[in-house]
Ligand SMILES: Cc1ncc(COP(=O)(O)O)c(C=O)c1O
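Just one chain is shown here, as structure tokens, and it is the form predicted alone.
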Amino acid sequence: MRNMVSDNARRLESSPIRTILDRASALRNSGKDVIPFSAGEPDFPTPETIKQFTMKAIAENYSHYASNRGLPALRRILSGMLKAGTSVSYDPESEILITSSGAEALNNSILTFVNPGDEVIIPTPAFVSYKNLVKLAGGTFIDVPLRPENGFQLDADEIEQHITPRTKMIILNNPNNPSGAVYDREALEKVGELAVRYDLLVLSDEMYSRLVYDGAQFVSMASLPGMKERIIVVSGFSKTYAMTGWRLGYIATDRTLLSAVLKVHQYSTTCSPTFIQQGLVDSLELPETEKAVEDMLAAFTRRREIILQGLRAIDGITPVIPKGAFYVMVDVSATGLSGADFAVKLLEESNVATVPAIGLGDSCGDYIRISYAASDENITEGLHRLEDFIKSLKKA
């Protein structure tokens, strides 16, 4: 039989994150106690208010189609949240779209605007989906490596050097997965000026916008001059509300752009689950929900301190201090191993699952990504195992 797989599908790469997660799951199923430093998934339960009101929505038969755009009441709530968090006004009727996960929001946004041959600039390290979705659309991924010595901050001059007549879009993730960088306003302003000067779109993944530390300030690129009409903001509920398995996200963008994304959405998922949307309508603005979120944010702040203190105390590795999200990039080159080899040996020999960062940027071969979205106990135990593992390398 001839090869039936499309050229675009063949261009895709397997996710290094999922590869590690699958192996960690297999080890766990065999009876191993695996420390989960790999998954970008809060270990908290979804807030009780959200669970209870979603079950209520099921009981009340919110089980039929919703508008392709999402429930109007949820879009109104999101419009208010976006205004409060970014100072940008989005019309809930024409500029907000509910999607089945942030992943779908990314997929639809890229498929809507990237043509075969278009170039898309992605500062790296970056979430693995961006590169592969650009490939799926037939576009060309343009890697702009960021410097660890600069905390993986944006460099507008580097970005400009990669702009060509074929450049269509810049993709940013702020706060960043995997580096934990929170981009400075000045750097964002310079990138925004480039987008205006060269007439480019910006896709801004703001999934971790509430997860910031050490006085860092999240700035949405949509709030900068001249940007709202050329920026697609993607976000969701997975990280802030511990709802990774619920698969609900959203897009906020200018109505002229959203009308095109809506057509792609109509032929991908049609609409997102109505009962989940109604559950959020009834619970998102409750003080109990916000209290649950604030408790999670406080726990992340504490866990970040625990993991950074532990990593700094281990000879042979160097963490790059994160200011947002719940990840830290760790340079392991002093051990004599690449990040990929280090991650595999650490998992197989010490049952600690981390992500080899080479899958998140070609210049990141010396790094692993550690997620501190794990319990305090798992973080403490994982640090002990990591230190013992590195000591064993020195003895070998």
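Note that the structure is predicted; figures quoted are calculated from it, not measured. All residue numbers refer to positions in the sequence shown, first residue = 1.
Beyond what is shown, the protein has a form predicted together with this ligand; the following relates to that form.
J.: Only one of 101-109, 218-226, 183-191, 147-155 gets a heavy atom within 4.5 Å of this ligand in the predicted complex; which is it?
T.: Looking at the partner contacts, the answer comes out as 101-109.
J.: Is Tyr241 a contact residue for this ligand in the predicted complex, using a 4.5 Å heavy atom cut-off?
T.: No.
J.: Answer with yes or no whether Arg247 is in contact with this ligand in the predicted complex, where contact means some heavy atom within 4.5 Å.
T.: Yes, Arg247 sits close enough to this ligand in the predicted complex that at least one of its heavy atoms falls within 4.5 Å.
J.: Can you tell me if Val202 lies within 4.5 angstroms of this ligand in the predicted complex, counting non-hydrogen atoms only?
T.: Val202 lies outside the contact set for this ligand.
J.: Is Ile276 a contact residue for this ligand in the predicted complex, using a 4.5 Å heavy atom cut-off?
T.: No - in the predicted complex, heavy atoms of Ile276 and this ligand never come within 4.5 Å of each other.
J.: In the predicted complex, which of the listed residues (Thr86, Ser272, Asn173, Ser283) lies with a heavy atom within 4.5 Å of this ligand?
T.: Partner contact (heavy atom, 4.5 Å) among the options: Asn173.
J.: Going by heavy atom distances of 4.5 angstroms or less, which of Asn177, Thr167, Thr124, Thr253 would be at the interface with this ligand in the predicted complex?
T.: None of the other options qualify; the answer is Asn177.
J.: If you apply a 4.5 angstroms heavy atom cut-off, which residues in 194-208 are near this ligand in the predicted complex?
T.: Residues within 4.5 Å: Asp205, Met207, Tyr208.
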